[in-house]
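Here you get one chain, nothing else, as structure tokens; it is the form predicted alone.
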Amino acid sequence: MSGGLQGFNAWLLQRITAVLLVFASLALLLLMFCPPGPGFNDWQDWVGRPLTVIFMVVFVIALIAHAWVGMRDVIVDYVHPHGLRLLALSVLGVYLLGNLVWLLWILL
């Protein structure tokens, strides 16, 4: 498999996204200590705050990059037929990109 996301680069991206996931999770937990009121409009306003949106987007982008690197390595290591490997990577890529588009559609 060729490309720039191999070896050290993949390892480094995996570690950076893990750190981002920790910090974004902590930030979202801190934001949860300032919960909105019990109504739907209160929650909608809370999710629409710029700080909440930023941390949610950073969290999901880091999560998707982290999942891509980890699952790609598992698929490359354990799925040996090239056609099946390509299919599995394609399905994973479409799924992860679909989740990103869905989140951006919801938040923006």
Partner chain sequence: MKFSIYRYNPEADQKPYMQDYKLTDNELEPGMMLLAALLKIKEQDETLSFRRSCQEGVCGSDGMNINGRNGLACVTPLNSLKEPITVRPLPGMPVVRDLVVDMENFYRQYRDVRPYLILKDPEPEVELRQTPQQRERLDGLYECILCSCCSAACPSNWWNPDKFLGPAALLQAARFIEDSRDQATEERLEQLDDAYKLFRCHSIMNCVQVCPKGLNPTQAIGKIKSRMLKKSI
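Numbering follows the first chain given and starts at 1. Please read these numbers as outputs of a predicted model, since none were measured by experiment.
Below, we turn to the form predicted together with its partner chain, even though it does not appear here.
The single contact residue among L97, L84, L12, V91, judged by any heavy atom lying within 4.5 Å of its partner chain in the predicted complex, is L12.
From the list 68-76, 39-47, 52-60, 23-31, the contact stretch for its partner chain in the predicted complex under a 4.5 Å heavy atom rule is 68-76. By the criterion of a heavy atom within 4.5 Å, F8 is counted among the residues contacting its partner chain in the predicted complex.
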